[in-house]
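The chain below stands alone and is given as structure tokens, in the form predicted alone.
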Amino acid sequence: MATNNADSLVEIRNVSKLFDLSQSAIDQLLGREAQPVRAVQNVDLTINRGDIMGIAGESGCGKTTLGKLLVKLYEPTEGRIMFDGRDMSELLREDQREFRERVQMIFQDPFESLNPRMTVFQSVVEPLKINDIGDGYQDRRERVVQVLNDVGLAPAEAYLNEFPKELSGGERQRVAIARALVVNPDFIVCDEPVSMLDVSIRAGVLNLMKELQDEYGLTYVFISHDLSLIRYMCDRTAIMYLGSIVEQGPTDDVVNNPKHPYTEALFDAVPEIEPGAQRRRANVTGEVPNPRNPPSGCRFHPRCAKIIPPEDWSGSQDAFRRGCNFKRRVQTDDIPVEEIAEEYAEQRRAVDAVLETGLSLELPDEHQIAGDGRGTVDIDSLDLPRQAENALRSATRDLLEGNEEDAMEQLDRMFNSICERQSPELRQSGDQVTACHLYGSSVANRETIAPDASD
């Protein structure tokens, strides 16, 4: 494989991975197009030699899928992944064999990733056999013994004939690490490598991996939802949400000065260690949307506390957010309009009840206003411009009369945001880049998308 003189080892350019691309039986019956799962969407990322790159986010955000794309367990639906200057999708047979030596993956669960019918020696020597490395049995055995000693399973001879069931969780993961290292790779993707281990032994395994990076000259990608692990291990961090990278930069900057509202919410959710420390909970509402049908524009906007109002909006940002939430709940038929109409015969009272319900948000205590948290909100406590309140009341009357189309037309005119209309491009903010409309001009030059860790 050709060697690139640049510092970058892996370059991901506009990569997407979609699953379930064919029409289901229900899609065919309803005459609609296939609704694929958008596991990874338009990802750009550069990983430099010798870096430890962290990929963090909630469960189901696409981290593991991206990791499998990096080791060619999946092929991208769109985009390109370059490894050492070569497009991974265009590797010839001999190049693919070399790629398999240079790129390895450590999986989350050592209880599942090791074959229970193979001894430690058989598991670790297998990659050498597959890649035809070593001059016979004795040479390979010496290599296995050396690597087992390096990962802390010493004396190695005591472990060679052990089966996985005879080892502790930490020992099993060390065997998995040895299996990845035995072919002397350049690049290792670590998918939640210590999440299945007892807390008491995690630090030892992580420290071991740092030592091995220096000894073997490794480049790591660490995939985790454990933000303390990311902070401890990684030079640079990328934050994923619903298949897309929303922020990346030096780990300390991302942790201490997050730019994207989702990153801020993610770190707000981390418990405070110090007794008596005040914890600020994230001002976020709702659940992660369905990846088969992600929101338009910024994927985080339905949950975001900082959704951007139009320039002529004269009320509070919170009131605008609640109006947008009301519109979304009308779209998804999430307001019990019929039940409220049955309860209140007088239309004016029914309109008030619909608005009190539809404008409420389930928020942590420090972000609530009058009525929040009980399924309703006091409309008088909202800083709503008169024109916006009139539009809400008129749309609600339409809803009560069964005219949802006219209601949505009025709500669309009044509550529209660039956040729901346009997908944000990566934008520079200091040493970080973030996909958020809150920041200035987009990053036009792809070379600046992932600045070197040394910058």
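In this text, residue numbers run from 1 along the sequence as written. Only a predicted model underlies this, so the values are computations on that prediction, with no experimental measurement involved.
FYI, the form predicted in complex with a small molecule isn't displayed, but the following is about it.
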Please determine whether each residue of Phe19, Lys63 and Tyr74 possesses a non-hydrogen atom within 4.5 angstroms of the small molecule in the predicted bound form. yes
Could you work out which of Ile418, Met408, Leu400, Val37 is the residue within 4.5 angstroms of the small molecule in the predicted bound form, going by heavy atoms? Val37
Tell me, out of Glu425, Asp412, Glu389, Glu58, which residue has a non-hydrogen atom within 4.5 angstroms of the small molecule in the predicted bound form. Glu58
For the chain seen here without its partner, which of 43-51, 391-399, 63-71, 426-434 has a heavy atom within 4.5 Å of the small molecule in the predicted bound form? 63-71
Contact between Pro291 and the small molecule in the predicted bound form at 4.5 Å, heavy atoms? yes
